[in-house]
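Take a look at this single chain in structure tokens; it is the form predicted alone.
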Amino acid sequence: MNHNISSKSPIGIFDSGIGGLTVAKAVMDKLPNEDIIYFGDTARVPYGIKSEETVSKYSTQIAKFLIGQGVKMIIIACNTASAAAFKAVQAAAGNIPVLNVIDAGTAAAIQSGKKVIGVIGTLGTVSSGAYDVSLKQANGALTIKSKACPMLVPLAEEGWTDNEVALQTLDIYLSPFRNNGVEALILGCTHYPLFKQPIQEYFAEKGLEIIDSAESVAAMAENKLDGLNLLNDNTNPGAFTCYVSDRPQRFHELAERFLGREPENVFVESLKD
């Protein structure tokens, strides 16, 4: 299916919930003149415990909704959906480019030139082996060391990213990476950029490179749109519109934490199974 898109069309970003707002923020910082439409599937979060078939179905529904909003690009901000639904979303998108955080994180890790790569993510992402597969396809000689850090998601949503509880939790999760030869660490969950500063400080003396998939996918989006002559040359700040499939009570509070500002336009849009 082909869709009429122009440089003025918005960028579509979706996630299983709220974590993908870190990707939206990275895209805003990189491309401040672009209009962005964000969809958070708050009614059906989390995706990590669902089958690939279900994640693929949900992701395709959201992609079709975003296409209906006239987007010129779709960014899959959810790591689980990136692993399970990338091809399905591409098929639904036709000529609209689709990017995902796993490919972006992999590209940044390869670009770093490091040979031993650490990956932290949710249980779902780590057990899927999605980063391992993606990294090994890019460079079979890499050594990859992964660790699930499930407690970081609720801590991020509580706003506990640099207090004593957060720092002790990070120490428990990250201590294996201090002496196992890891040279770069991929933050393989959209919530984890909120811990970027304490993680950098934790590894300060090691000189470990921290790879933020949100920043990586924003840079990839800029390059892709530039190559397609689809960068918006508008000089005004872009509009940000947010859709959720169910309005969680704390959405505004959490969104402000993840975005760094309060989202003005938040709409509830329930998708049909």
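Nothing here was measured: the structure is a model prediction, and the numbers come from that model. Numbers follow the displayed sequence, beginning with 1. In this text, rigid core is short for the largest set of C-alphas that superpose within 1.5 Å between two forms.
The same protein has a further form, the form predicted in complex with a small molecule, not shown here; the description that follows concerns it.
Asks: I'd like to know if residue 89 sits close to the small molecule in the model of the complex, meaning any non-hydrogen atom pair within 4.5 angstroms.
Replies: Residue 89: no contact with the small molecule in the model of the complex.
Asks: Whether residue 104 contacts the small molecule in the model of the complex should be assessed with a 4.5 Å heavy atom distance threshold; does it?
Replies: Contact check for residue 104: no, nothing within 4.5 Å of the small molecule in the model of the complex.
Asks: Should residue 46 be classed as touching the small molecule in the model of the complex when contacts are defined as heavy atoms within 4.5 Å?
Replies: Although the small molecule is absent here, residue 46 would touch it in the model of the complex, with heavy atoms inside 4.5 Å.
Asks: Is residue 191 part of the interface with the small molecule in the model of the complex - any heavy atom within 4.5 Å?
Replies: So residue 191 counts as contacting the small molecule.
Asks: Kindly indicate whether 9, 74 and 96 are, all three, within 4.5 angstroms of the small molecule in the model of the complex, using heavy atoms.
Replies: Judged in the model of the complex, none of 9, 74 and 96 sits within 4.5 Å of the small molecule.
Asks: State the residue from 184, 174, 135, 153 whose non-hydrogen atoms include one within 4.5 Å of the small molecule in the model of the complex.
Replies: So the residue touching the small molecule in the model of the complex, by this definition, is 153.
Asks: Of these, 38-46, 200-208, 59-67, 228-236, which stretch puts a heavy atom within 4.5 angstroms of the small molecule in the model of the complex?
Replies: Heavy-atom contact with the partner occurs in 38-46.
Asks: Against the rigid core, is the Cα displacement of residue 228 between this form and the one not shown at least 2 Å?
Replies: No, the C-alpha position differs by under 2 Å between this form and the one not shown.
Asks: Could you tell me whether the Cα atom of residue 48 shifts by at least 2 Å between this form and the one not shown after core superposition?
Replies: It does, since the residue 48 C-alpha is displaced 2 Å or more between this form and the one not shown after the core fit.
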